[in-house]
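A single chain comes next, written as structure tokens; it is the form predicted alone.
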Amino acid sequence: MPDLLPRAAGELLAAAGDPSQLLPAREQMAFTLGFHIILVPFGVAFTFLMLIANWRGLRHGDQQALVLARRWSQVSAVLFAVGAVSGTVLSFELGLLWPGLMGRFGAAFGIPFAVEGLFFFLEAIFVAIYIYGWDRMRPWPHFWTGVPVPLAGIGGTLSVVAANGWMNQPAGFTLRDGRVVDVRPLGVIFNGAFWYEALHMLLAAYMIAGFTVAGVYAVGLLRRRNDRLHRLGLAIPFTVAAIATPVQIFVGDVAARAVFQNEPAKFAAIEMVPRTSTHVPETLLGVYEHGRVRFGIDLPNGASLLSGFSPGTRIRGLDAIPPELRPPDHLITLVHWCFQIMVGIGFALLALSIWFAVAAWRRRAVPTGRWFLRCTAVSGVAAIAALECGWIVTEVGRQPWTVVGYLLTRDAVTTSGDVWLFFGATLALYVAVGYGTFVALRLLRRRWRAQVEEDGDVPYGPSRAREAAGT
């Protein structure tokens, strides 16, 4: 008997083939989730960078740090508004596109989202107070009004990750006569995948915000804007990202090992293992076709060593999954490639972080070599690409299940027609939102540059904030 056969597979195997709505529904969900997830790190970590600059400005009387804090708070407000729109669309999509999930498992699956709603409102309230308070509050009380913002962002992110982890390792409920009963909220939230997924996502958020913001100022330095504002704007976020990166490598390794233990089907796709065996090689690149791996580069015993610290570690392969429940070959290849791209980018960013640390330690200053700045300029985009790859591994690697062992994706999708039309309307909305975000950020940049010209040698200064700081 195959040992990856889910408990309800016997009943589900008798289900009909994929409905026509499944493809557009999945494409729409992938697009909107891929868009929204880019904004999440800025709600969690960018506001933390803002508070570091704010604290430094007040603690050391650093005017340039105060300028950065105020600028970053304005950017945070724009991104928060965009994230609120894209997140709201996602919440509607869950009910409209996946009624099988929300109707049958909403009593359990909806708990983390209810908690996330509370954190969202808390974050919205304090973002507004912090932005409004720049010219109207005393400096330190104003600073403390910003502290709940990243904390609420962390809480909201953990709630959403809890919902995702629950789909991978459902827990905290009893399924009786096809209905969810005896729901235990703490069991739902703190499911088996919660901790490693949550830590992995939080560290990713600090890496993305740190490398992206540092990259913006690296571009400025490359364009010969070699002033202290740009060096500080690079140093603060890069330091945070450089601290998070090695921790992320460690947490990622722990997470991969947890997936090996608890989600063997996903791990088989990640490592592209056709057959259950020991002494499994680590396959680099390659394509999965008809139960075989082609064009891959094998590192002998690599997968067994990494998963169990021994060449004799047995890895359950894709042959342990019934053909009816096995993901298509192209999805297996996609998961395998995304995992390797994510890991490759992670180690490249680790090398960049070490470069930064060594150069800063030797020079006692922010490194400004052109090759370092060039690498930093693209590091944010690379970190975002790694984030997208990681979510593809998590979401696509679970297929064909929406709730592993309980609900197939084809049974969760809507029975309504015109999903492609709905997708087109959503796409148009997101293009408009994305363009509006670009225009808003560009207007902010122009206004800041105009302030430079007007203020002469005191760039970008929030005059009342400087006065409030007593300088």
Partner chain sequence: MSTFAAVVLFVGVLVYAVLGGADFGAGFWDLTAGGAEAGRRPRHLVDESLAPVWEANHVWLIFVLVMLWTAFSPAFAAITTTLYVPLGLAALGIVMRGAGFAFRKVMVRTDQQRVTGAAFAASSVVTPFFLGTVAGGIASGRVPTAGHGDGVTSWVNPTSLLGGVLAVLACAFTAAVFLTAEARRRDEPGLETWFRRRALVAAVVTGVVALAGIAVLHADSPRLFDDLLGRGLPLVLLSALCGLASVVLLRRAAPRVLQGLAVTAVAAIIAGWGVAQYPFLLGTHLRITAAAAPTSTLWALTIVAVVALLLVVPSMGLLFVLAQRGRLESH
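Numbering follows the first chain given and starts at 1. Predicted, not measured: the structure shown is a model, and the values here were computed from it.
FYI, the form predicted in complex with the partner chain isn't displayed, but the following is about it.
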item: is_contact(R224, the partner chain) in the predicted complex, heavy atom dist at most 4.5 Å; value: no
item: Distance check, G308 to the partner chain in the predicted complex, heavy atom within 4.5 Å; value: no
item: Exercise: D182 in contact with the partner chain in the predicted complex, heavy atom 4.5 Å; value: yes
item: Proximity of T368 to the partner chain in the predicted complex, heavy atoms at 4.5 Å; value: no
item: Segment assignment from 376-384, 108-116, 245-253, 201-209: heavy atom within 4.5 Å of the partner chain in the predicted complex; value: 108-116
item: Within 4.5 Å of the partner chain in the predicted complex, all of I332, G346 and V403 (non-hydrogen atom); value: no
item: Candidate from I125, A359, L299, L285 lying within 4.5 Å of the partner chain in the predicted complex - any heavy atom; value: I125
item: Contact residue in the predicted complex, from L229, L175, I131, C338 (heavy atom within 4.5 Å of the partner chain); value: I131
item: Residues within 4.5 Å of the partner chain in the predicted complex, restricted to 407-446 and counted by heavy atom; value: T414, T415, S416, G417, F422, A425, T426, L429, Y430, V433, G436, T437, V439, A440, L443, L444
